[in-house]
Every structure is written in C-alpha cells, then in structure tokens.
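This document starts with one chain, in the form predicted alone, laid out as structure tokens.
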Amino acid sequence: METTGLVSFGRYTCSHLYFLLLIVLPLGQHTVEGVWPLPQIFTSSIERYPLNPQAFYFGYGRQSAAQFGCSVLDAAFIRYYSLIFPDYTGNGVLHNNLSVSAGKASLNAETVWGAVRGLETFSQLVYQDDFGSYFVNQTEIDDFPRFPFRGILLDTSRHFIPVHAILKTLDAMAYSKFNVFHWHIVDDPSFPYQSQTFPDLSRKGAFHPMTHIYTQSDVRRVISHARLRGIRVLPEFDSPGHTKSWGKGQSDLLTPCYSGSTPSGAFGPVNPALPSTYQFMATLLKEVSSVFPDSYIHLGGDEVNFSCWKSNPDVRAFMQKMGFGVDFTKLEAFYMENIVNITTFLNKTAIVWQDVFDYHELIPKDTVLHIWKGSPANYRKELSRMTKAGMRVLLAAPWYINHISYGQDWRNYYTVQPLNFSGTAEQKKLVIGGEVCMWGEYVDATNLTPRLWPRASAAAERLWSDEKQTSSVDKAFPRLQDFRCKLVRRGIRAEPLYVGHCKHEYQGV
C-alpha cells in the first residue's frame, strides 16, 4: 500500500482494493535477485510457479471499492501485462500487501496509488528461464514508502527537453516508485512555457517560439501521463532571480541595472519596487494554478544577486521608504512574502528553496522548505534548524546527479541518511522526503536517460525502503544491477553499473 501523509497532495483515493491474478501449478526451484526499491517486509520461497501469458489476467476483487472503469487501474492492468510479458500482445484486463501462492496472487491496497506500486512490485517478481517460460516465486510482501515525497527535478530551460523524453522519464520514475515530477520549466536561458495570458513570454523568451515550447496541450499530456503512474506534477516558476528570459517578453518586469547615474543596458532580478510586478505575478500564477492542478507550487527564491538592485536609484529609494535601510535581504523577503501570499490566495501551498528561510522571511507555516546546498554537515544543520522552527522540509542537496564522476557514484547517493541530524522525533517527522535534481547545463534529450538511470534509483530506495535493511551498498549492488537490466529491457537507456551484461540487451536506436 502507499499512504501519504500529505493528503492535500491531490491523492486519487479508492479504499480497500483487492486484486486477483490467476497463476498455475508449482514447479522447480529458483530465486530472483529481488525488488527495487526493497519492500519493507519481503519473504520469498525457492518454490516457483509457471505463468501462462495466454491464461493470465488481472481482476478486481468482489469487495474492492474500485471496479472496472477506474481509469488509473484499468490503464495499469494493460501497461503491466505488457511489462510482465514483453513477448506477448494481450492486455491482461479483467481483472498493499502482495501474496503469491499456488493458484493465485492477491494484492491488497488502501489506495489506487498503492495498487499501482504493488503492480510494479509484482512485475519485478516475474522472470523467464533460458527457454522463455515465465515464472514467479511464492512471495509475501507488506510494503509502504518511508517518505511521502520522492521527487525528480528536470530542468527544461537550460536545454529544451522534448515531451517524448519527459514521458519516458515518467515511465522510469514509476519503475523506481518516484511520485513527484518537479518541473523546473523556466529559468534565465529560456521560457518554454506557452502562457495564454502572456504569450510574449515564450514568443520572445523561448529558444524558438514554435519548436522549443510547451503548449497547454503538451502540459496536459504530461500531467495525464504522470497521473496514470501515480506521479504528481509540481511546476516551478522561480523568481525574483533566474528570470532573464522573462524580461524579453514582459517589459518593466526586471530591474534596470545602473552604472553610476545612468542605466547600463543590463537587467537584474524582478523589480520588487513596482506595483505592476505583483499584478503581473498574480495574473501569471493564477493561470499556472489552473493549468497545473497539484495543490503545491514551487516558487524558487534562490540565488538572488543584489548588485543590480543596489545600483538602481529607484530601488534604493523604495528601500528607504519601506525602512529597509541597506539590507537587501529584507527587500527579497518583502518580495517573496508577497508572492507566497498570492499563492495562498489561490489556495496553493508554496515550496521554496532554502534561501527564503535563511533570509528570515515571514512565510506561512505550511510552506515547504527545499534544501539544495551544502556539505552533509551543513545540510544537517539546516535540517535541524528548519524543523526546530516547525517547518516541513525536502532534502535535495546530496542528490544533484547532474554532477558526474568516474566509477560507481551511485554508492554516494545510496548511503545518504536523510534523518541523521540533531533533532527530536517530532522534528524528524517534518522531513517529508527528498528529490533527485537533474540540472540542464550539460544535459538534453541525448544524454538525459543514461545520466539519470540507474543512479537516481539509488536515491529512490533510500526514500522508499527501511534504512536499516538497506544500509549495505555491496548487498544492494546485485539487486540494482538486476533492476538496471529490467530498465534496459523496458526501453530505458540506463547506463551500466560496472562490467557485465544483461540477458536482454538494449535494442532501441
């Protein structure tokens, strides 16, 4: 089962689901490497049962609250039949704790999302012998995620990522039981989101106004694809910094920089001194809130360079009027507090980068803080400080996997301990999960998938599984190696972990 502690994250809930899968007679002895991420409780026997793809089907139990017509599960049955039996073309449709024994397999879950995760688990239990016959071992599993937020960030501003590559990433996320796609959709280099309210933002701010944009239809397609896989889509519109591309299509939004007493021709962050700024942001965020249905929105707030604000006489005069003196962190706080209030009015909960907290900004207690920088010692201090203040926290700092190194760097991501900081048990409950970040300076559709997988899967297990049971990288290695081969057979160009081979090598182009 998958039960999140963040009910407002837009769960699609059907209680007490029961599924029946027909299986036939016991035969022989064999074991599988296991499931990734590792279930909380997993017991498997060497006794195995053959599966006949032509006789196999999924079905809803009589007592299930969900029945035929539940779009998420109907689609999952078709999808997982093809994943379990890649050599066959049936759909398997008729038909979380998971039990496999002679004659049947049953899956019980509290929500449809738990059922989808259980189907993924079951799909990993099925294997083929050297003659192509399918088998599954007698297995008992009781499973649930350690953290409710398990995210992947993709940056689609520094390089445009085509929709098909985003959809393929969502598929791979579901295989690793990630449940949040953090879409860092715009930034300094480009503004590919096509706004209906402000069409000039992409017309003038995208790399190309026709080929390098995400239309409203594209966004709906991504959200729909994600939803069917139990993945929320969290949009980020980062400001007041990281907004150079915005200024190309929205005049008077960015701050004019000065050289002495004259404008230099350059522009800095969003201008926080103008009422028109907040009118624009309110209108844009209202549109974004209607396009992206998730109840959370990421507002950024990081890496604001104050030098342009300092050079601008109008900004300095505004600061004196507001009583900020020369403390530009107060000016950023004023801006972010106004933006967070806009999202609150829109009935959205804000997520912001840690800088917003570090500048002592007055934000609602339900705001989620996102830790992105620092060594382990530094981010542990941040975790302690933020949770002591009663704030919920996401951890991303140790999982910036756009940084690459030779060898098995997945081991570093695997050994992260998100709750290893000084704090009470109540503080540690405020850490709601973590996120793998793939920033796009050197990443586009040509290298996104092999750079992301299976390295991100190491973090996936840390965010899903019991830490004590998954503390050994050496024990994890054969399971991750086997899982990587499953990804390859499913069409995911996951890079190898080390010397070796897969029984079914990558066949794509």
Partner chain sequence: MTSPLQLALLLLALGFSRGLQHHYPDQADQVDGEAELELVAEPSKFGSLWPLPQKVKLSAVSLKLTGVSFQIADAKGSSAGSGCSLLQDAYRRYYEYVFGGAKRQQQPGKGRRAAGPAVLTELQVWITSPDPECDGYPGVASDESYELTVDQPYAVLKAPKVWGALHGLETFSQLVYEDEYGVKSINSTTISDFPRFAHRGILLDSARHFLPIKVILANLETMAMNKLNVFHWHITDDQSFPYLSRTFPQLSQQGAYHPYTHVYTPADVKMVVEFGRLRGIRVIPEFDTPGHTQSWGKGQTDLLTPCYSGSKPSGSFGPVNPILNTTYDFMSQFFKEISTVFPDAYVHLGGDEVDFSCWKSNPDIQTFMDQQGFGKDFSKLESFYIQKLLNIVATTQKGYMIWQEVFDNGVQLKPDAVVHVWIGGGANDEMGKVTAAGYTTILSAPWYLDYISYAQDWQKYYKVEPLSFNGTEEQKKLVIGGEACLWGEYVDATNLTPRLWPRASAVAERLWSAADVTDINDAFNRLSVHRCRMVA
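Numbering follows the first chain given and starts at 1. Everything numeric in this text was worked out from a predicted model, so none of it was measured.
The discussion below concerns the form predicted together with its partner chain, not included here.
Taking non-hydrogen atoms only, S384 never approaches its partner chain to within 4.5 angstroms in the model of the complex. Put simply, D187 is close to its partner chain in the model of the complex: some heavy atom of it is within 4.5 Å.
Using a 4.5 angstroms limit between non-hydrogen atoms, R490 is distant from its partner chain in the model of the complex. Within this chain, Q320 is remote from the site of its partner chain in the model of the complex, having no heavy atom within 4.5 Å. Checked against its partner chain in the model of the complex, the candidates K177, R392, R229, H242 yield a single residue with a heavy atom inside 4.5 Å, and that residue is H242. Contact with its partner chain in the model of the complex, defined as a heavy atom within 4.5 Å, holds for exactly one of P450, G34, P50, G59, namely P450. With its partner chain omitted here, the record of contacts in the model of the complex names 297-305 of 297-305, 69-77, 327-335, 425-433, defined by a heavy atom within 4.5 Å.
Looking at 418-444, the residues that come within 4.5 Å of its partner chain in the model of the complex, counting any heavy atom, are W439, E441, Y442, D444.
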